[in-house]
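First, one chain by itself in structure tokens, the form predicted alone.
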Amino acid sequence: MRKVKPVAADRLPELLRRMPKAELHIHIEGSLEPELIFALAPRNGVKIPYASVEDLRRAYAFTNLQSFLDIYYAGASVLLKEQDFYDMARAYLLKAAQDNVVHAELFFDPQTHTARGVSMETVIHGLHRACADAQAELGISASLILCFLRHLSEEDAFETLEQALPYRDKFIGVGLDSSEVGNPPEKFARVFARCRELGLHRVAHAGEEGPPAYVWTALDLLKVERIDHGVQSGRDAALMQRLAADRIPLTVCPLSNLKLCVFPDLASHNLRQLLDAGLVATVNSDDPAYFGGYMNENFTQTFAATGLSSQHAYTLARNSFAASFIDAATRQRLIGRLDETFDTFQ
């Protein structure tokens, strides 16, 4: 890893904002801002149980993952047409580009929509069209990762996979999200084996609220290439060694961890511990509409609270490209842009 010069604390936020970065843990439904919910609801004739944008925002007081998921699924009810999915992804990608995100890998939850009678085609076409337009108009590349809802059955996941396969050229991988505790990764071992046969990339949420054991099983049974969250890995020294030795990336989401009470405050976050142990940790926004910040807010607030340095900033940004599912030439080009940013800044 390249060594970079120290940057004064008062200049560090500017560097964090300017440096190019990839976002690898963003639930596109979790970027659905209250303003867009209130715009889509009348467009689609959907009634929502909140009087105003402010009323809805006040409801964003979560005590754990499940309390967030309850309101998250309610917000998604306004998404019915291809244009709705396009508008949601477009809004996120505009914000990402402003934050100097140059590559994003977007999670989407088709079961949340197909259960309401929305077709897989509608979901994927709307999201994919927004990704294609972002490349052409904003210069940000974006790919889709289909996530299975772990509180549902593996049979439901298999059915979802089959529905999605006609659009195989429009998504690059699969993930596993929703309620973690009580839904261990091994519940989905067979469907992930099938995805592996199909050549799909594989990631899974593990070690957010669940124990380190979930990270082990995601690695050994699901054969994932990245762990989403993974912050509970710090409780298992052998697991930390495994993650470092195998260069398994962790897509860490600091403001999400704070909002869902995984850590009592940002100063207590273990991002520094993960980096100091040699793990390929990255910073991401998770569900930014609900958790109080997109990429640059996650960086600036976390660095302010934990005292991380310009060296950590470079490492995190470089890790985001190393962990991305992009080709080697694109990776080197983006790392070159990162190096150039640090050179000119310093």
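All of these numbers come straight from a predicted model, not from anything done at the bench. Each residue number is its position in the shown sequence, starting from 1.
Just so you know, the form predicted together with adenine (ADE) exists too; it's not on screen, but the next bit is about it.
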Adenine (ADE) in the model of the complex reached by all of 65, 178 and 286, non-hydrogen atom within 4.5 Å: yes
Hey, in the model of the complex, is residue 69 touching adenine (ADE), heavy atoms inside 4.5 Å? yes
Residue 256: touches adenine (ADE) in the model of the complex, heavy atom cutoff 4.5 angstroms: yes
Classify residue 208 as contacting or not contacting adenine (ADE) in the model of the complex by the rule of any non-hydrogen atom within 4.5 angstroms, answering yes or no. yes
My question is simply whether residue 229 lines the interface with adenine (ADE) in the model of the complex - judged by any non-hydrogen atom within 4.5 Å. yes
To test your reading of this chain, name the stretch in 128-136, 217-225, 238-246, 69-77 whose heavy atoms come within 4.5 Å of adenine (ADE) in the model of the complex. 69-77
So which bits of 26-47 sit within 4.5 Å of adenine (ADE) in the model of the complex, heavy atoms only? 27
